[in-house]
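Take a look at this single chain in structure tokens; it is the form predicted on its own.
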Amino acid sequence: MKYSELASIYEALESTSKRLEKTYLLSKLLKKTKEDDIDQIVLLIQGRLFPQWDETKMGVSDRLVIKAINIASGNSTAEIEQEWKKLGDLGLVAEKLVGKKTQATLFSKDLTVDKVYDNLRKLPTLEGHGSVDQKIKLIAELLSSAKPLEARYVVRTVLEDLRVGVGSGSIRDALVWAFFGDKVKVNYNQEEKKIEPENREEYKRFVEAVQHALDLTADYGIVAKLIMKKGEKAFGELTLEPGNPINVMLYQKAKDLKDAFERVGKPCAIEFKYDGFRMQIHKKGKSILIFTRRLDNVTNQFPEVVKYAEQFVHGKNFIIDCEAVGFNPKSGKYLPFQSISQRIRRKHNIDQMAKDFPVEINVFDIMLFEGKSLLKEPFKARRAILEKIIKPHEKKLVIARQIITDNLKEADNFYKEALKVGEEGVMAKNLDGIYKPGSRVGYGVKVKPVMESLDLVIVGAEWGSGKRSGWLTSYVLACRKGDKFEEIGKVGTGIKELEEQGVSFEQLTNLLKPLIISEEGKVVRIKPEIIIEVKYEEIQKSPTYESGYALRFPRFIRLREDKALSDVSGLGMVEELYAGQKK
């Protein structure tokens, strides 16, 4: 496929904010894509070169891209930086300057998707002496052959900032429309920009099937290729495979224990809800891999957890679901999530970090054992397997504390005990519930004593003044609405001046600076990536923010490095909380 075709789709996607229209455009692209190219295309429309669970990063700075534009266009770095300052987007800069090439490109030829994909996939593999020049050369080669529009999206893909507004829901629905359109009968009205599936029941069935396939594999490319090859039969062939992370099952919040019993049934399992971060541990033979909830591979960051899985879980082939909880190595007292969150992204001094910030693994579910998927097995059967294969070792690896009861008083006493030892609350689980990856389906609920906090993404900030000069402050927060993020307020309270006191302005500034998209005076716009947990006094209706709501007295609680953008609190949740507080 010519890259110009893909670039035209990118431009069309960028020019509309309507999710259905984006889905329609994507489905048209997928329909005409060849089987050999489908996995590449599905990655590229997400602005990716690697699956979501693959932690490989492009590792290309703005400066390298500026140098590549300089070589491809003949413009000086000063001219390029001046344009960048005006346009706020190196992709648009490349589009403008590549269109006015002053350097002869006698041997340039049409770019193909294969060429772009192959060149960019090489970038993360280049290391050592001369690697910077090699990276610049690979990017410049593409830009020298690129038409202006192609240059825009080559640069944005390199910088991992595609800006076309395509979310996982749009890709999932596009797969349904492209490959099962004859069965769901999708109609598109070009004039009204209205798209409706005629057979809604069939449409819902296929959406759920594709979503389940995505939850099992966490790889759109694999799913798309298999569907294209085998159609509906593909869903029966996708299985769990240790080493390929899955989207873990999620839980809704219950108002209280009485509500929890009503929702999951009696008797039920009541378990401690730990204040740590989710881990899925995969073992296949002698290989052990650890993934976070957002599918990041953190095996290297937790070498002691690899040993625990080897020593205390008996089995050759399994996937287990657990919570890593930090504790003080001297007192043994459990610590809040924030105290160990820094370990998730730490690449250096791993052994020392493990000594200073140890974790205990609390195992609460199992998805696969000795090659057999347990997703359809009832929870009580999965728990029985855990109790059989795990040899608990305190402060290393244990099974989640649990009681089975239909008695409200007994459940309440267990709940109070959880809070007393510093846990967040409890989980209530249906004993016959299956394990449904990625879903909040009611097979389990969480009960916490405080008003539900929100996980929001930072989309803007302001440069500080006075003693906060040089730091980004007053962070603009957004909730999720479909595939977009809508602003809901600003937060500046709860962040510390000094790093030893907690998460500091300097620490947040260092995280956010590489994500700055544009600046106007002191105000900066930030690529949505950094997620934080926020508490507040009240949710109010507000015309100021596009979400229609504002947080009264919001307060920063902690970074959520364990969460993905798909985990950002949705507008529907905000509306529910708003309605609930009024009652």
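Remember, predicted model here, so these are calculated numbers, not experimental data. Just count from 1 along the sequence shown to find any residue number.
The next section is about a form of this same protein that is not shown, the form predicted in complex with a small molecule.
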- Item | The single option of K490, K96, H212, K273 touching the small molecule in the model of the complex, heavy atom within 4.5 Å | K273
- Tell me, which of A418, I227, M427, I281 has a heavy atom within 4.5 angstroms of the small molecule in the model of the complex? M427
- Item | Close approach of K448 to the small molecule in the model of the complex, 4.5 Å, heavy atom | yes
- Taking heavy atoms only, is E462 within 4.5 angstroms of the small molecule in the model of the complex? no
- Is R163 close to the small molecule in the model of the complex, meaning a heavy atom pair under 4.5 Å apart or at it? no
- Message: Does any part of Y334 reach within 4.5 Å of the small molecule in the model of the complex? Heavy atoms only, please.
- Response: no
- Note on the structure: Which of 440 to 448, 129 to 137, 470 to 478, 217 to 225 lies within 4.5 Å of the small molecule in the model of the complex, heavy atoms considered? The stretch 440 to 448
